[in-house]
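A single chain, nothing else alongside it, follows as structure tokens in the form predicted alone.
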Amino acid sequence: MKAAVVDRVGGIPRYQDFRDPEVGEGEVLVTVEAVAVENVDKAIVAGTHYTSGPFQAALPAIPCFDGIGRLPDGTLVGFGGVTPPYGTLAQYAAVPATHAAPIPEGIEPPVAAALSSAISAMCMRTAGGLVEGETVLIQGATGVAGRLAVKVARLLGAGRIVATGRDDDALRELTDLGVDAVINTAVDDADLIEAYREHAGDGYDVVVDYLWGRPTELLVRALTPESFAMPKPTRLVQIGESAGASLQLSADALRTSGLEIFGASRNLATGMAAAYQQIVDWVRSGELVIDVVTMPLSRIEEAWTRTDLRGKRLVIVPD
């Protein structure tokens, strides 16, 4: 079969022949229809993600671990459960039958492949407990996931949305999505702390954090009062680390700021089904538009290195 193949740590996938997957007991053969390429996929290839070990040990290997495809009977499914060296950027994938679930009617494969980013944005409710009328701060709102988080926050009834990013042009575009205020994080520390405070209004109820690192460390400083106070609680949901994998967190930041930190997977076991159905309903009705750019598998080298997507999800489709 044809596939995108990586032969070294941090390599660029190349379109070439790869041995067909063998279908084992309890597995099904899927003909791949669409695969979203996300930051986590590139981090695994680069060896910087905590789950990258099995992929790196299996090189040469095919990147990406989930996608949209068709079963032999034509049923369109979302699938995962591939085992390195096999991935989903290929013509075919053999996966456990339990890891292939039908895709709801009315959603095209490229959009279905990108649903996960929108579903993850629902962590503002499942993990952060967002209720209608509350203020949301989205850290890293100019990327694909961040823009979807803006749209999801508005659909969930957020009363006010503040967004951060490093690109002024991209930040200006967010106003069309319903953002009430923007903060450019590419300023010095004192100015960024002041900006967080200036745009907080009555306080940030929920923070959806795709950044971590320096911006979040400065946000925490901005939230920490300089006198004895009873600040409004801020529920920060940690979901990404594009600005850094760590930060310094002082004791008083938790003791006196009202800051509560949760991982994005909090309550996911009980909230995933409802979150998924809500995203599907919004997509079907047209209330939520997921912007994608499709490219054929044969052009994977060009696709992998694109930097001009401007908030659109790259989805690889068959030739």
Ligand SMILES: NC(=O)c1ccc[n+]([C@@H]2O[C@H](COP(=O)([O-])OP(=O)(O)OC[C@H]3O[C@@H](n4cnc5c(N)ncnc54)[C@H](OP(=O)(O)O)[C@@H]3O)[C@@H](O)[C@H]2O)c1
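Numbers follow the displayed sequence, beginning with 1. Owing to the predicted nature of the structure, the values given are computational and were not obtained by experimental measurement.
The same protein has a further form, the form predicted in complex with the ligand, not shown here; the description that follows concerns it.
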Which of 209-217, 92-100, 71-79, 127-135 lies within 4.5 Å of the ligand in the predicted complex, heavy atoms considered? The stretch 209-217
Contact residue in the predicted complex, chosen from T31, Q56, N39, N267 - any heavy atom within 4.5 Å of the ligand: N39
Of the options I239, A163, A153, A114, which one has a non-hydrogen atom that comes within 4.5 Å of the ligand in the predicted complex? I239
Look up in the predicted complex whether D167 has a non-hydrogen atom within 4.5 angstroms of the ligand, and give yes or no. yes
May I ask you to check whether A149 falls inside a 4.5 Å heavy atom distance of the ligand in the predicted complex? no
So, G140 and the ligand: in the predicted complex, are they within 4.5 Å at any heavy atom pair? yes
Do A195 and the ligand come within 4.5 Å of each other in the predicted complex, heavy atoms counted? no
Using a 4.5 Å cut-off on heavy atoms, which residues of 305-319 contact the ligand in the predicted complex? R313
